[in-house]
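Starting off, we have a lone chain in the form predicted alone, written out as structure tokens.
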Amino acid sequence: MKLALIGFGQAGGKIVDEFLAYDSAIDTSFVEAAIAVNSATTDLQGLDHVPQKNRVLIGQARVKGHGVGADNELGAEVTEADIDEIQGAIDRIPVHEIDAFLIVAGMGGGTGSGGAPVLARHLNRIYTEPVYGLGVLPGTDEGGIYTLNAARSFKTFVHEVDNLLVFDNDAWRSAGESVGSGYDRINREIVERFGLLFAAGEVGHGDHVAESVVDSSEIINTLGNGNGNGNGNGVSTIGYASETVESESDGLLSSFRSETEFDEGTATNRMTSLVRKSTLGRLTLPADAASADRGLVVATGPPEHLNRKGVERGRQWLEDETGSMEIRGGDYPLPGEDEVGAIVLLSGVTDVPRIDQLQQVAIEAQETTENVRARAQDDFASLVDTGGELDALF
């Protein structure tokens, strides 16, 4: 699947930078183009792989390159004001060669959480290609302002994109892990899971062709194609599980392997087990799989360990688990690898405790704001009344 990646804000830029490194390492070229947008000069300078010409600084007139300070309303305002600057970088993308846009943003900060929905709306007005979002939710220990930003941004972002893929930091932070190392590891987890999904089907010259190819249309149909209308096909989450195996490239050991090791039953049972682990294990956004509208199973690993029946069994199991008739499946051969894996994409999930929590935060924040505003108006009215009484005394 060919993507134009746009990293918005500090977290979004770093993740897109990591995507470029990953794409180069696995040599599939699923990233057609990459842009980083930020209101802070230092964040753009800290990137390693995004081309300099594709680093867009916005909000110079308002914040002078110092960032918006977790103010996502200001982030939205400077994005609206400088949308032509961003469009200038997008104009250099060969849009006719991409399958979709993917806007990546941390939803707790200011620039990304405020600006990403604005950009999504802009792209959907201009282009017919799907516009997807990859939103990273902040940990609950990062502070109330970040949770509130995420609550506000989530509601807007999910409406403006054709589908919002979500990664929840809360579910992935390890106890005792430093913030810096924690985010670096989490970014790698994000890129590995979503990168494997998007790389599937991008077959290069001389690559091993899958028995059942997962091409861009399978992914788009699973995520939902809003035809550039940003009609909000919901929220998606990804699961991944893998198991080490011995590949044909392991040298002399391969000649001593028993013939039964690669029998169809072994490969089928392994894949079914991996699909179950992917679905019921740690998802990028914890959710009840039964609430998904659509799904996709992708088997990865050495070609000799993949078979059509294994993928089909896994697909059938996921169909039973979700109760959905829209479950697709295929394989993504990785010659020379020593792991067999299963990627499970669950799209349109509705039973998501973290989202319920964010919605509650947004409701409480709105009520608090209204109460504070009402008290302020009462205090001001009282002050005016008191001032009038004093004037009468003199």
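Every value quoted in this text rests on a predicted model; they were computed, and no experiment measured them. Numbering starts at 1 and follows the sequence shown.
FYI, the form predicted together with guanosine-5'-diphosphate isn't displayed, but the following is about it.
Although the partner is absent here, Thr111 is a contact residue: one of its heavy atoms lies within 4.5 angstroms of guanosine-5'-diphosphate in the model of the complex.
Taking non-hydrogen atoms only, Glu337 never approaches guanosine-5'-diphosphate to within 4.5 angstroms in the model of the complex. Pro117 falls outside the set of residues with a heavy atom inside 4.5 Å of guanosine-5'-diphosphate in the model of the complex.
In the model of the complex, guanosine-5'-diphosphate lies farther than 4.5 Å from every heavy atom of Gly65. From the list 76-84, 281-289, 132-140, 314-322, the contact stretch for guanosine-5'-diphosphate in the model of the complex under a 4.5 Å heavy atom rule is 132-140. Checking Leu165, Ile190, Leu197, Leu296 against guanosine-5'-diphosphate in the model of the complex, a heavy atom within 4.5 Å turns up for just one residue: Ile190. Three-residue candidate spot Tyr240, Gly301 and Gly330; no residue lies within 4.5 angstroms of guanosine-5'-diphosphate in the model of the complex by any non-hydrogen atom. Residues are counted as partner-facing when one of their heavy atoms sits within 4.5 Å of guanosine-5'-diphosphate in the model of the complex; in 14-29 these are Lys14, Ile15, in sequence order.
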